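In the form predicted alone, a lone chain appears below as structure tokens.
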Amino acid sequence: MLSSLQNPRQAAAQLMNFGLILSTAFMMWKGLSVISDSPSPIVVVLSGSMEPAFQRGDLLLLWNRNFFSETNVGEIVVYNVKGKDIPIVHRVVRKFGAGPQAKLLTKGDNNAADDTELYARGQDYLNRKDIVGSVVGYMPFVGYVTIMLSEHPWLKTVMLGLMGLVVVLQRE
């Protein structure tokens, strides 16, 4: 570590490599967003409301382009509620109308009642614009790391410390 401080060219190269890694990850995320037409093409299941279909910690891949068919009853969708930042993963149980003006009612597979209590005040149904995407694939438990990091913030510090330790040990 101290040797890189003595060699500014090497420190600049390391900083550039780090920037390239971050920008590549960002470009891949934005590329997925454009392809899937979803602001969040990958989400993590945060609760057990969709069990047994999805477990807490499953990573979901979303698609939001309705080229050949529109959102139908039985489809599992991810939606955002006005005023809340957490996306909700539930199944469409009823549909009223067709096209962009269709009204959708959702429910978690493991829930007793539909989602009308979760919607924004005065909203009885979801509009198509509330849908972030439909689930097209998933990877079991891959997103559990995200849950652990959000529930236990001290783990972020531990992970950063371990990564720093690995970098220092590689230098020696």
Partner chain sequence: MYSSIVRLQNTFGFFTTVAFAVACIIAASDLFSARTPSVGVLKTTNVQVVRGRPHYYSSKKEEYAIIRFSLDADLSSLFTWNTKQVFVYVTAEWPSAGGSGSGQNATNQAVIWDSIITSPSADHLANLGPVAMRKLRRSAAGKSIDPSRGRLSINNQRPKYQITHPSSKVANQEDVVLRLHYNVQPWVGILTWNPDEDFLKWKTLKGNLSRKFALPGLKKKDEGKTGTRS
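So that the term is clear: the rigid core is the largest set of C-alpha atoms that superpose within 1.5 Å between two forms. Values in this document were obtained by computation on a predicted structure and should not be read as measured data. Positions refer to the first chain, counted from 1.
The protein also exists as the form predicted in complex with the partner chain; that form is not presented, and the subsequent description refers to it.
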property	result
Close approach of Asp58 to the partner chain in the model of the complex, 4.5 Å, heavy atom	yes
Non-hydrogen atom contact Gly137 with the partner chain in the model of the complex at 4.5 angstroms	yes
Non-hydrogen atom contact Asp115 with the partner chain in the model of the complex at 4.5 angstroms	no
Heavy atom of Lys103 within 4.5 Å of the partner chain in the model of the complex	yes
Sequence-ordered list of residues in 87-111 near the partner chain in the model of the complex, where near means a heavy atom within 4.5 Å	Arg91, Val93, Arg94, Lys95, Phe96, Gly97, Ala98, Lys103, Lys107, Asp109, Asn110
C-alpha of Leu162 off by 2 Å or more between the shown form and the other one on rigid core	yes
